[in-house]
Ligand code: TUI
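In the form predicted alone, a lone chain appears below as C-alpha cells.
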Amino acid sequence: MKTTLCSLLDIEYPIFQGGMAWVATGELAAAVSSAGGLGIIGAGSAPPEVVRQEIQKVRNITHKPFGVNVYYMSPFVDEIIDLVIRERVPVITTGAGNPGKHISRLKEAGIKVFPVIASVALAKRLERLGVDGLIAEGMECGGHVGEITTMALVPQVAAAVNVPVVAAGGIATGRGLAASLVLGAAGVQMGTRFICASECTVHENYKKAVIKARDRDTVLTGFPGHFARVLNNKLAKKFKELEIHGADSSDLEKLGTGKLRAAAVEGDVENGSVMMGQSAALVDRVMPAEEIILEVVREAEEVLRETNRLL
C-alpha cells in the first residue's frame, strides 16, 4: 500500500502515530517507525532537554524516519523548534497553534512540516505558507478537539489543498484507513490505537481503560476553543459540575493542571485525564506496534478489494 505520503517521507505504510503528550515516547515512536509507519514523539510541554533524550532513544533503536509533535501552547515552543532544527528531525507535526512563524526555518533545515488542522480556512492558509502536508483531525479524536467530524472535514480539506492530507480522529482499524483514502486522504494518523501498543510506556491502567471503553464512554470537557475528549471518569464529572455552576476558564484550567501525567504516568484513571478518542471501543487488546500496523494495512487492502467488486 503506497501513497504520495510514503514517497514523500520515505515510509513503508501511510500511517502516522499520534504525538500524544506523556504517551508518545521515544520507545513507541521507534517501534512504529521500525514497523514502517511514522513514529512521532509527543513533546507536549516538556523542556527541550527531555525531548532531546526522547529523540536519542529513537535514534538508538532505528534509522527509519520519525517525527516530533510540537505543541504550540508549550512555554518552550521556540526552544523545541531550535532543538528539532539542530537535531535534524525528519518530520514535525504541530498542534494547538499556527506554526507559520517557524515554517521558513524548518524548511531551510530540510524538515517536513505537517500541522494538525480542524478547518478548511486554516488548511488553505498553511498551504500558502509552504507546509508539506496537513493532518485533518476530526472531533472524534482524543485530547484537544475541533468542531467538525472527520467524515465531514477530510474530504473538504482534500478538495481545498494540493498537499497530502492525513486523516485523523476516530481511526483505529483498516476500515478507517480504507475510508480515509476514499475520502481523499493520503494516509491516516492513529493515536488511541497505539496507546495499546506493547512498546507504549504509558501506565498499564491507562491501557486497560482504553480496552474497557465502550462507544459512549468519552466526553468533551473544558471551555470554548480548548475542549478535550477524555474518558468519562470522576475528573470529567468534576469538570461538568464546574461548567454547570458557571466556573470560568481559569478554574477549569486549574482543575486540569497535571491531570494527564496523573493518568499516563501514575495510573490514576479516575482522577486523572485519560485522553482517548471515540475509536477506543475498537481497541480490544495490547499488541506490538508492528502487528497493529500490519493488521490495519491488511484489513484496508481487503476492504478496498471488496469495494472494487461493487463496480
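Don't overthink the numbering: it's just position in the shown sequence, from 1. Here the structure is a predicted model, which means the values were calculated and not measured.
Heads up, the form predicted together with the named molecule isn't pictured, but that's what we're talking about next.
**Student:** Quick one: find which of 141-149, 191-199, 211-219, 174-182 has residues within 4.5 Å of the named molecule in the predicted bound form by heavy atom distance.
**Tutor:** Going through the listed ranges, the match is 141-149.
**Student:** Considering non-hydrogen atoms and a 4.5 Å limit, does the named molecule approach residue 9 in the predicted bound form?
**Tutor:** Contact check for residue 9: no, nothing within 4.5 Å of the named molecule in the predicted bound form.
**Student:** Please check if residue 81 has a heavy atom lying within 4.5 Å of any heavy atom of the named molecule in the predicted bound form.
**Tutor:** Contact with the named molecule, no.
**Student:** So, residue 283 and the named molecule: in the predicted bound form, are they within 4.5 Å at any heavy atom pair?
**Tutor:** Judged by the heavy-atom cut-off of 4.5 Å, residue 283 is well away from the named molecule in the predicted bound form.
**Student:** With the cut-off set at 4.5 Å between non-hydrogen atoms, does residue 120 touch the named molecule in the predicted bound form?
**Tutor:** Result no; residue 120 lies far from the named molecule in the predicted bound form.
**Student:** The named molecule isn't shown here, but in the predicted bound form which of 156, 205, 98, 232 has a heavy atom within 4.5 Å of it?
**Tutor:** Contact residue from the list: 98.
**Student:** Identify which of 28, 275, 264, 68 has a heavy atom within 4.5 Å of the named molecule in the predicted bound form; exactly one of them does.
**Tutor:** Selected residue: 275.
**Student:** Output the sequence-ordered list of residues from 6-44 with at least one heavy atom within 4.5 Å of the named molecule in the predicted bound form.
**Tutor:** Just 21.
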